[in-house]
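Structure 1 and structure 2, given next as structure tokens, are two forms of the same protein chain, each shown alone.
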Structure 1
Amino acid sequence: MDQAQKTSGKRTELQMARSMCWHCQSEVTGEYFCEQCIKVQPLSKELDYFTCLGLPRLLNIDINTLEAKFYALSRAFHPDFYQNKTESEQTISLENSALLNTAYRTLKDPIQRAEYLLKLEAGSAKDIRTSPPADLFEEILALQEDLEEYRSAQAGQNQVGLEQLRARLTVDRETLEQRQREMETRLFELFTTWDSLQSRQSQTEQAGRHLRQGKDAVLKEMRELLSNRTYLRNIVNDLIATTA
């Protein structure tokens, strides 16, 4: 039995790349197989990852649901089922599968999910910091001095001083890693706040403005947290690489 026919039951309606079937020119009405010629249809490149996997634009998602939707669509688009099809169908299956895989990987990881939502809602995932967060400014400067001293001790083969500095840098790393965990805890709290706001329906124009302001405030804090987290992660990675 043809793979398209096997999956011709109830399907998630997805945005197609075009409104007419590329093969028979019949109208395409949101299904990923043409109802007339049963040819697989290309998904729109504008399709966002939440819609691609049939999920609302929320940050707390059920991973089991995500996986179930992913595997269901994977069976429809997997290139293995198109090995004996035309070159056009093989290309479409590859491109659809690539989009689906990227969507799944992005939404499965909570940090990538938050960055992607920011990109959708605010136009950019995050602004990477080039200077330390204000509340860690002095600690980061002291750490950078310790790193330079450690590198100098390495060059001078000063083993005693090297071990003392390594111990100090280990403590510094643990402090930064704890700070990262605190940032992530706050980030996950904002997930719940976002989902609550996203689930509301504004009945009046004034309520709608307040709702938008609330969302914007959440997005702003999320961007700041993600930027700070990335900055700290880069510092920690530098620490690990230097002292390894």
Structure 2
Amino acid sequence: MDQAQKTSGKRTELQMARSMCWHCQSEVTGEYFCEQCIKVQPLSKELDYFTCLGLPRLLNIDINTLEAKFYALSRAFHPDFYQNKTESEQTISLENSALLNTAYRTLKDPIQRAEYLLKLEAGSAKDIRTSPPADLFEEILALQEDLEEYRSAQAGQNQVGLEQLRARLTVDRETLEQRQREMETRLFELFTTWDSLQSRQSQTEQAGRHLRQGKDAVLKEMRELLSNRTYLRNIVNDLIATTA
């Protein structure tokens, strides 16, 4: 909670691993470099990816802003610029760049961004207990049986039967793909809901609890959508691979 407020609030600059310069021992006041000796400073390993890229913990992010920040930081930390520096500086440059790259890759993709947010907000995304989608499982098993039937029909001689099966599976696939699109639409709606909840300030304790409940509900629905999306993706891929 405190963490979330911090990152959604003003605090967007990078946190350094230490408040003291590793080289000249003076207090670090510059952003990524010591103002006294101009040495590069290591990023804190606990830094979350949003903070790392100077972004609030929101789900709708402006890709241009993300990219600009990433390029600027890449230039600051890139190992190429540290070839003639000391070993310590080269190590810091490498580690900072690695963290930066992972942060950028994760946040660039909306699905990975949502998965990452779930992990941050729920400790571990898996800890959010959702009931398994029994209907979806039944549906997937039925489709897998149809696929098996199709595979054995492929081995046989019945061309007419095979074509009929293929036509049916194609319709099934199109229906599933439509559902995937609907799921994504809903997921992006939740992005916006999350962002508006994140920007809301709660004055009283009761309002704070209420806000937390609202956030948890959004996280839970996102968790469900992302899981169901994975199940659907697998069966759609199997359908495409088999009937292609």
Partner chain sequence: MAYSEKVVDHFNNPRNMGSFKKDDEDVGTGIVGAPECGDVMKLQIKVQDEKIVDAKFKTFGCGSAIASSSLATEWLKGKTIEEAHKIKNTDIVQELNLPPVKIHCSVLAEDAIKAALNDYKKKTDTKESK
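The first residue in the sequence of structure 1 is number 1, and each one after it adds one. Worth saying up front: this structure is predicted, and the values here are computed from it rather than measured. Rigid core (definition): largest C-alpha set, two forms, superposition within 1.5 Å.
Pick out the form predicted together with its partner chain: structure 1 or structure 2.
-> Between the two, the form predicted together with its partner chain is shown as structure 2, not structure 1.
Can you say which of M222, A103, A76, Q41 is at the hinge when one rigid part swings against the other between structure 1 and structure 2?
-> Checking the domain motion between structure 1 and structure 2, the hinge sits at M222.
How far, in degrees, does the smaller rigid part rotate relative to the larger one between structure 1 and structure 2?
-> When the larger parts are aligned, the smaller part is off by a rotation of 10 degrees.
Shift in Å of the C-alpha at A167 between structure 1 and structure 2 after core superposition | So the C-alpha of A167 has moved 4.6 Å between structure 1 and structure 2.
Superposing on the core, what C-alpha displacement does E177 show between structure 1 and structure 2, in angstrom?
-> Superposing on the rigid core gives a C-alpha shift of 2.7 Å for E177.
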